[in-house]
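Given as C-alpha cells, the chain that follows is alone and in the form predicted alone.
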C-alpha cells in the first residue's frame, strides 16, 4: 500500500459537474484530490442547446452563479445549474485548467474519451524530469447530475481499491478489468511519466 494518500486529479471538460462531484466525494473520503477541466473555456447549459453560457477559467463559481441568477433564476434553478455552482463554490473558488497545472499526481481520472486524449497530449508534450509514473484512466460518464453522482462513487471506489493495492504498478490492470466487468463500462488506461 502506498505510504502516502494517492494524489488524484479528476478531469472533465469544464471543471463543473463530473470532476467536481468526484472531487467532492473523494475529498470527503480523505484523498488528496484536485479537479480540472481541459476545455479552452468553461461552458454551462444556456436557454437553448446552441446558446451555452461561456466563461473564462478565471471566472469564479460565485460570479457564474450571480450571472445566471441575473439572466434567469427560475431556469437555472430548475435545471440544477445553480445548485451545482453552489456546491462547486464550497469546494474551491474557480475552475482550473489541467494544462495550466504543473503539480504531479499518482492518478489522473478523466470522465470522457476526448478529455482523456487532451490529458495524454498535454502530459506527453511536457519535458520528462523525474520519470515518476502517473496513471491516466478514463471512465466514461455522461454529463448530467445523476450520472455525475454515480460516476463519482465509482471513481471513489476505484481510488480506494488502488490505494489498498500492495503494488499499484503490477495490480492496476487486473483491478481495472474487474471494474470494467462490474460496472459494465469500458476503462482506458495509459501510463505517462513526469
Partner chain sequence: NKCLYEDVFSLHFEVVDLLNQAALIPTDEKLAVLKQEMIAFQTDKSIEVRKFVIGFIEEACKRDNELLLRLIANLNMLLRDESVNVVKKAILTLTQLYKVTLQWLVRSKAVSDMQEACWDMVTQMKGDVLALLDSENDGVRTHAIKFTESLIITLSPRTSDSDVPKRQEGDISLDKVPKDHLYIRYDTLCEEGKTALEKLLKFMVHPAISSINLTTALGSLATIARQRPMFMSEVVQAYETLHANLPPTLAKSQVSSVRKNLKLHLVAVLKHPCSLEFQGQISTLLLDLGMPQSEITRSTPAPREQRKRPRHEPYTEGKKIKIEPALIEDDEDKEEPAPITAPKPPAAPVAQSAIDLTAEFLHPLLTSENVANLVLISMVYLPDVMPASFQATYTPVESAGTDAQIKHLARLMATQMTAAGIGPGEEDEAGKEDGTGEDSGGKDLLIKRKLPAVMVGQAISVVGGYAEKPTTDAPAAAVKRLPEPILPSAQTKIAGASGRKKVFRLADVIQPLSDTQTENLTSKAVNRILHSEKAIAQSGMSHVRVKLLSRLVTQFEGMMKGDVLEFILDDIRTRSDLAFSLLYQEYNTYLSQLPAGLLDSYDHCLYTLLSGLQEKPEQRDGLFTKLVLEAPIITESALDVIRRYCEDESRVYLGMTTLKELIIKRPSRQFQYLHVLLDLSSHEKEKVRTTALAFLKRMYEKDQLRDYIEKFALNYMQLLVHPNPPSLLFGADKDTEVAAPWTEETVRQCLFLYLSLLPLNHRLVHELASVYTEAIADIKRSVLRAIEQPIRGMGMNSPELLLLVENCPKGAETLVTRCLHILTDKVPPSPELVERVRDLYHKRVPDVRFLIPVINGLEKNEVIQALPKLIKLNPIVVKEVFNRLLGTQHGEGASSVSPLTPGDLLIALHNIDSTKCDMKSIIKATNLCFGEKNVYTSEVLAVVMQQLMEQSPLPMLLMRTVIQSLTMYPRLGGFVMNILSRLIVKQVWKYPKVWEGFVKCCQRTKPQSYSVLLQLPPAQLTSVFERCPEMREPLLQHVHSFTPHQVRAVTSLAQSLSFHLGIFSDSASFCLFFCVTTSAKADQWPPPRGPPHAKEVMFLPGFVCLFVCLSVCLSVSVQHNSKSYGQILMKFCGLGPPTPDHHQNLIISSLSHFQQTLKISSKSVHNFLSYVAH
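All figures in this text were calculated on a predicted structure; none of them were measured in a lab. Residue numbers count along the first chain shown, from 1.
Quick note: we don't show the form predicted together with its partner chain, though the next part is all about it.
Student: Taking heavy atoms only, is residue 135 within 4.5 angstroms of its partner chain in the predicted bound form?
Tutor: Contact check for residue 135: yes, within 4.5 Å of its partner chain in the predicted bound form.
Student: Is residue 170 close enough to its partner chain in the predicted bound form to count, meaning some heavy atom within 4.5 Å?
Tutor: Because a heavy atom of residue 170 falls inside 4.5 Å of its partner chain in the predicted bound form, the answer is yes.
Student: Quick one: is residue 116 in contact with its partner chain in the predicted bound form, heavy atoms, 4.5 Å cut-off?
Tutor: Heavy-atom contact with its partner chain at 4.5 Å: present for residue 116.
Student: With a 4.5 Å heavy atom cut-off, would you call residue 178 a contact of its partner chain in the predicted bound form?
Tutor: Looking in the predicted bound form, residue contacts with its partner chain do not include residue 178, since no heavy atom lies within 4.5 Å.
Student: Can you check 122-130, 57-65, 150-158, 39-47 and let me know which stretch has heavy atoms within 4.5 Å of its partner chain in the predicted bound form?
Tutor: Stretch 122-130 is the one.
Student: Does anything in 77-95 come within 4.5 Å of its partner chain in the predicted bound form by heavy atoms, and if so which residues, in order?
Tutor: Not one residue comes within 4.5 Å of the partner.
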